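Next up is one chain by itself, shown in structure tokens, the form predicted on its own.
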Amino acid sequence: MIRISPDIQEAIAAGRGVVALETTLVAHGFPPGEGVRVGLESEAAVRAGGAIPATIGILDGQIVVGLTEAELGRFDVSARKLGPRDLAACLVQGAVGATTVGGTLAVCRATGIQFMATGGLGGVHRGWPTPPDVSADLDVIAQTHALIVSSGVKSLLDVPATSELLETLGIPVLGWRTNTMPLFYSALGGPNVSARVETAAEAAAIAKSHWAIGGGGLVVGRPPDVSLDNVEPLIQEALAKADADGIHGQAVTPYVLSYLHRESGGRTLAANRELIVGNARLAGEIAAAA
């Protein structure tokens, strides 16, 4: 069921750093064509950080760990969005499946990959418990020996509630040279992190210690290089429009992202691309230091 590219197999066997990358960002996070470019830039950034990239998705009845450029081009808006619950059905039915953070981590658990990079994590949706929508990402992180570099949680979520749930699940949130959790597009204003880290080696050492004493996943929150501090009103508009248009569940995130990219004149699109690539580079540095 799992096909791992030779360079990734060799890296895992040799104990070298490998960084998992999801494919939902490629298929659903950007306008057509742009997602593939961001995916390739992220892979290059992982290599620049000193590690091996492992972009993960489902094609032709196989979980592919280490997609080729041609294979990456098959991930468009028609691809299924795969959380952990969706992997088996997609495999059996032979569909193209783009992995979310949770779906990617499920594959990491099966292959021994311990590092991942993404844009933002899933979490508690605004208005909880109406609807009672909490992403599967957090439970999977808690159960997986993996360190995930992100710019906090997705901007459309309830960040304080997600922070509380991370604490409840025993998931450390390490601030990359910051004392507060990044707010995806914004560098400041989030809840306090559990610890601040200054170097990739320090983050890697904390991860190893956490796993050695029986812990699960960790999150490193890296603030965006360029902070957009006036996006919140647009997010509220986008969520209200999604609700009015009957958009729910997994369809909300791509809908809101499209709205933000359009209404911000492309500023959120540029910021999203830059933070994803920056997170990939940092994840590569931490994996190489482990």
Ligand code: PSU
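In case it trips you up, residue 1 is the first one in the sequence shown, and so on. Since the model is a prediction, treat every value here as computed from it, not as a measurement.
There is another form of the same protein, the form predicted in complex with the named molecule; it is not shown, and what comes next is about it.
Partner contacts here mean any heavy atom within 4.5 Å of the named molecule in the predicted complex, and among 206-214, 71-79, 135-143, 163-171 they occur only in 135-143. A single residue from the set Leu257, Ala45, Ala51, Val65 has any heavy atom within 4.5 angstroms of the named molecule in the predicted complex; that residue is Leu257. In the predicted complex, the named molecule sits within 4.5 Å of a heavy atom of Thr100. Among residues of the shown chain, Ser264 is not one whose heavy atoms approach the named molecule to within 4.5 Å in the predicted complex. Contact between Gly221 and the named molecule in the predicted complex is not found at the 4.5 Å heavy atom cutoff.
The named molecule is not shown here, but in the predicted complex it comes within 4.5 Å of a heavy atom of Gly120. Annotation for 11-29: interface residues with the named molecule in the predicted complex are Glu22, Thr24, Leu25, Gly29 [heavy atom within 4.5 Å].
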